[in-house]
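Shown here is one chain on its own, the form predicted on its own, set out as structure tokens.
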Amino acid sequence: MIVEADPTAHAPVSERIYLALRQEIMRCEIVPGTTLDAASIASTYEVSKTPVRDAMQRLAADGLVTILPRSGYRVAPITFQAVHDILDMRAAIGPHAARQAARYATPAEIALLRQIVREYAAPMDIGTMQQVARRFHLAIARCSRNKRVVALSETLFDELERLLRFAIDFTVKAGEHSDEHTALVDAIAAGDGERAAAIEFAHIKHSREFLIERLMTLGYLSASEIQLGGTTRSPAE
């Protein structure tokens, strides 16, 4: 049996701690709002506090933890503002990426998009479906020929996964919903950027409404939080 090498095996200690904690935070294995102690983390990894502090500084820069007095840290909570910011950016970038993809996508890239869409036909849980969705939308972002759009999309999907894991049981079986993805790829293949952007915008809006409603149902968001400055925020992913 061939055992794949751990790509972080030769990384600096602070890098390995950063990547491990980041993954746990993104997967909500460390619950939002949890207080972390540098000494405990250092003991877990059998290192001094220095690489832990370095890792925590990076997580703080990512917006995933806040730094507390006396070597303490708190995992960033899920707030309406955080939800709104992530989903608002998604609504801004997704349609633009789809529009540009219709302009630049090659036949090979369109074939890849169709291949990913076919994966939706297989039975899968929500966690698996989210990974398929991530690959699909990042593939569209790459078709935009804009590296910044790709980088922003990757970051947004990382943060979006954290929201979804917090709100949804990833082991629940997901229903099929590949029709809108097929329509999106068809629009990109036809070079119809405006239609591609409109389909993506509608998809994001529907997903946003679902996620915010789910967070409200679970009690993590209240109706008053969604009313900022007397204006109701319309949900969107």
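We number the residues from 1 along the sequence you see. Given the structure is predicted, the values throughout are model-derived calculations rather than measurements. We call the rigid core whatever largest set of C-alpha positions still superposes within 1.5 Å between the two forms.
Not on display, but discussed next: the form predicted in complex with the DNA.
**Student:** Has each of Pro95, Pro107 and Leu152 got a heavy atom lying within 4.5 angstroms of the DNA in the model of the complex?
**Tutor:** None of them does, since no heavy atom lies within 4.5 Å of the partner.
**Student:** Which pick from Ala39, Ala183, Ala60, Ala190 sits with a heavy atom within 4.5 Å of the DNA in the model of the complex?
**Tutor:** If I apply the 4.5 Å criterion carefully, the residue I get is Ala39.
**Student:** Heavy atoms within 4.5 Å of the DNA in the model of the complex: does Pro77 have any?
**Tutor:** Output for Pro77 is no: heavy atoms all beyond 4.5 Å of the DNA.
**Student:** With heavy atoms only and a cut-off of 4.5 Å, decide whether Glu194 touches the DNA in the model of the complex.
**Tutor:** No, Glu194 stays farther than 4.5 Å from the DNA in the model of the complex.
**Student:** Tell me, yes or no, whether Pro32 is in contact with the DNA in the model of the complex, where a contact means a heavy atom of each within 4.5 Å.
**Tutor:** Result no; Pro32 lies far from the DNA in the model of the complex.
**Student:** Glu209 versus the DNA, in the model of the complex: is there a non-hydrogen atom within 4.5 Å?
**Tutor:** Glu209 lies outside the contact set for the DNA.
**Student:** Can we say the CA of Arg195 moves by at least 2 Å between the shown form and the other one when the core is superposed?
**Tutor:** False for Arg195: its C-alpha shift is below 2 Å.
**Student:** So that I can tell if Arg53 moves, could you say whether its C-alpha shifts by at least 2 Å between the shown form and the other one after the core superposition?
**Tutor:** Shift at Arg53: 2 Å or more after core fit.
**Student:** If we fit on the core, is the Cα of Leu184 displaced 2 Å or more between the shown form and the other one?
**Tutor:** Superposed on the core, Leu184 moves its C-alpha less than 2 Å between the shown form and the other one.
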